[in-house]
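Only one chain is shown below, in structure tokens, and it's the form predicted alone.
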């Protein structure tokens, strides 16, 4: 049985095209993925992200520190941090946002279905972990006009800095409002009680500048922005240096996988995550090989058509000697070739 978010009936009433995502029945699109992506880049789009896993930790931060690549205790209350959890060999077990709620409380926000796996990784530290009961639902308002929408709907003076959050009431509903997102656009993630989600959803959609967007647009937007998806672009086989995530490593603290990464840092990696821009509208697809002439030099991990560039785009791992931006390559899969050029990330 697929799980349903509190907005499932709203999606059906809207005529959304539904699909399965990590055990959830979720909206893929309402109109078209390209139209929804364009709207988010230009205006403000509303996403149902209630499928994301959340874990609440209460206790000593010292028990948590060895599992994360950045310091938790140095973040003041009201701040969020993107962090990695690694294996002993330096592979990426999970990426997540950590919210510092107060002196002894952290909120972990993870990919859908990842909560149980993280609890296993934490092992003996896991007894301090629980699933939050009051704010375990989430919707995202993303796009350049998102802040104006909130100000006009709720008489709210918006002043949050990136990766900051605040406790606030929106239309009388208690919310945690976080200036974070997964689209590359300004916006907020809103945590609130599940029973209040439809009410707030309807209120935000009452603004003429807001439209709904599904997971299809969300995936395309994050691809354009060069943001990774766990299980596609990163996993235990990939280390942070290959993935271009080394800025999220704090070598001044001890964490699992640090010793292995210090060795990798000295030796370097054979491959690196880069972007690809097609010479045509044809979109490279995940699983395709990246070739220089007849030599395979990499693999595509995510791909799609970019409405912003009007070209096919992708990201993947390419051998370093072929990773210079502008380098011409050929993406091949099932006998269909696609000429492309290597690009820095983000792609827009």
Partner chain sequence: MVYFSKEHEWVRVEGKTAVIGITEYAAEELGDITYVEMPREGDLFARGEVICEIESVKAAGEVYAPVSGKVIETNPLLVDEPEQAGENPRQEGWILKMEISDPSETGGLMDETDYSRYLETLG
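Computed from a prediction, not measured in an experiment: that's the story for all the values here. Positions refer to the first chain, counted from 1.
Another form, the form predicted in complex with the partner chain, is not on view; read the next lines as being about it.
Inset, instruction - Spot the stretch among 57-65, 29-37, 43-51, 289-297 with residues whose non-hydrogen atoms come within 4.5 Å of the partner chain in the predicted complex. - result: Within 4.5 Å of the partner lies stretch 29-37.
Legend entry - Every residue of 220, 280 and 305 near the partner chain in the predicted complex, heavy atom within 4.5 Å: The answer is yes: all three residues contact the partner (heavy atom, 4.5 Å cut-off).
Inset, instruction - Spell out, yes or no, whether the shortest heavy atom distance between residue 12 and the partner chain in the predicted complex is within 4.5 Å. - result: Looking in the predicted complex, residue contacts with the partner chain do not include residue 12, since no heavy atom lies within 4.5 Å.
Inset, instruction - Although the partner chain is absent from this view, report whether residue 333 comes within 4.5 Å of it in the predicted complex, heavy atoms only. - result: Residue 333: contacts the partner chain in the predicted complex.
Inset, instruction - Give a yes or no for residue 17: in the predicted complex, does one of its heavy atoms lie within 4.5 Å of a heavy atom belonging to the partner chain? - result: Residue 17: contacts the partner chain in the predicted complex.
Inset, instruction - Examine residue 285 and determine whether its closest non-hydrogen atom to the partner chain in the predicted complex is within 4.5 angstroms. - result: Taking the distances in the predicted complex, the answer for residue 285 is yes, it comes within 4.5 Å of the partner chain.
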